[in-house]
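Next comes just one chain, in structure tokens: the form predicted alone.
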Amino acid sequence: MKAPIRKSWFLLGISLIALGFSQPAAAKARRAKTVSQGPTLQEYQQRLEELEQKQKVLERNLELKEEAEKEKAKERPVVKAGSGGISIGSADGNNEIRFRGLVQGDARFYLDRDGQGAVNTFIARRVRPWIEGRFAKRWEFRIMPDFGEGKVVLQDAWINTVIFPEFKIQVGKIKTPVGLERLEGAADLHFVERGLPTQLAPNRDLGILLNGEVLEGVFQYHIGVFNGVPDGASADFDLNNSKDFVGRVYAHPFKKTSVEAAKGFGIGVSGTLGHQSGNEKDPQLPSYKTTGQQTFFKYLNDGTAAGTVVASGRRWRISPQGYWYYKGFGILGEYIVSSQNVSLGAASADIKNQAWQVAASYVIGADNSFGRIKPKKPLGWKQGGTGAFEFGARYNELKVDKDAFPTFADPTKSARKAKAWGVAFNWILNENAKFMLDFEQTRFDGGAAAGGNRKTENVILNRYQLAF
């Protein structure tokens, strides 16, 4: 019995050992079978290449979409509204139309009315909506009417072709580039009214003007031919075939230097030369006004050929001028001589009138400038800004040639000389709004009915202005 039992246990052991070796081999076979059924390395590489191709297609589609958006953006107009007005333009900046405006509400109060038409009054001094713009980068234009003082006047109507910054051709009704203060924008004045020298400078005239800036504005020049207008006047047509030649050169010699205090210094000279003739209906001669806008000199004119003084020959002007602005400080000076041959019947003479001024100002809260003054902290209740404050003073004179009396002007009605001084206070609320308050006193030599001096003019000028 013992031998069969031992044999049975031996066979059981052999079976268990065989089973142990057979199970790992089966598992290995199953794993091998599973691996053989999955993707091969070559299939993985193919799938990766397909994904890369799809990514490239997506990237290219995105690029095409971006390019299409950029092309649409070039055609889409850009609309802006700000302190410089409302503008509509192309995205590349080559085309633009701007809608701008200037409104000045004035008050004049004469402390001693002289009985010669001085009336305390409120007046809409300038009401100017205008359009200006640029086409194809090189063609600029402006159309500016004025509805101020109860009149409708076309102030500006010109086209400017920009060949280069150094060479531009401007055609149309333009400010004649002679008087320095005349060239200052009406919205940028430091005093309510321009000084007496501006009375001798032409205002706006029709003609052609070559102009440009050299060395990035270090030098400026103007050379033009115009119909020709009397001192202080504007016109829309000419009465004769003669024309006025106009020239101006102006330099900012320290603009490109490192001397900060001198960069705002400018100096130049301008003038006109021509031959003008008038008639009893349009004598082509000026009258001169005070800063209170009261006429203190005019030529004889009774509406007849025998009693009307007319322009009858050569006219020329010359005006040295300059300014200096540094931080809050600013000073402007100019001198002008205007000579015109006049006649009354058989009598004739070259009348040379002259004027000059010096005007200084100081600004708190902004940098002073010949152009627009921009407060560093515009008025704002929440922001705490107060705007900028400007204080100014000036002295100016205008002298009429003694040869004008008594043949061509009545010494009992027209003064030989006007001498004026004034002070100014301006509250510049922001870049667009300004409150101005001036006092101006003008004394005269001659001009009184009894042969004495015309009564002194003392006037307070007030202005509230909105410009955009």
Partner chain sequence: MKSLKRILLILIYLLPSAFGIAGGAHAGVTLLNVSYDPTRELYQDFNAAFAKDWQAKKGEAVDVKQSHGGSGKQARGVIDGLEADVVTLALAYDIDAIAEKARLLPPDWQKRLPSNSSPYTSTIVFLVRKGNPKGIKDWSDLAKPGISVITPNPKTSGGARWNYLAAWAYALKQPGGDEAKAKEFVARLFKNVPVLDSGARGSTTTFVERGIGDVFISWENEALLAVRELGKDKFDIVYPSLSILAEPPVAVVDKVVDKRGTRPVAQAYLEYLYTPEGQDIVAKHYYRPRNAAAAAKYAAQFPKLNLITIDEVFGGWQKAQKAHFADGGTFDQIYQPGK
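A quick note: this is a predicted structure, and the numbers were derived from the prediction, not measured. Under this definition, the rigid core comprises the largest set of C-alpha atoms superposing within 1.5 Å between the forms. Residue numbers count along the first chain shown, from 1.
Below, we refer to the form predicted in complex with the partner chain, which is not included among the displayed structures.
- Residue contact with the partner chain in the predicted bound form: residue 42 places no heavy atom within 4.5 Å of it.
- At the 4.5 Å threshold, heavy atoms of residue 329 stay clear of the partner chain in the predicted bound form, well away from it.
- Though the partner is left out of this view, residue 273 does reach within 4.5 Å of the partner chain in the predicted bound form, counting heavy atoms only.
- Although the partner is absent here, residue 51 is not a contact residue: none of its heavy atoms lies within 4.5 angstroms of the partner chain in the predicted bound form.
- Taking the partner from elsewhere, every residue among 60, 167 and 225 has a non-hydrogen atom within 4.5 angstroms of the partner chain in the predicted bound form.
- Stretch-level contact analysis of 430-438, 410-418, 395-403, 51-59 against the partner chain in the predicted bound form, using heavy atoms and a 4.5 Å limit, identifies 51-59.
- Only one of 267, 159, 143, 210 comes within 4.5 Å of the partner chain in the predicted bound form through a heavy atom, and that residue is 210.
- The partner is absent here; in the predicted bound form, the one residue of 71, 302, 112, 216 having a heavy atom within 4.5 Å of the partner chain is 71.
- Superposition of the core reveals a Cα shift of 2 Å or more for residue 54 between this form and the one not shown.
- Put the two forms on the same core and the Cα of residue 402 is off by less than 2 Å between this form and the one not shown.
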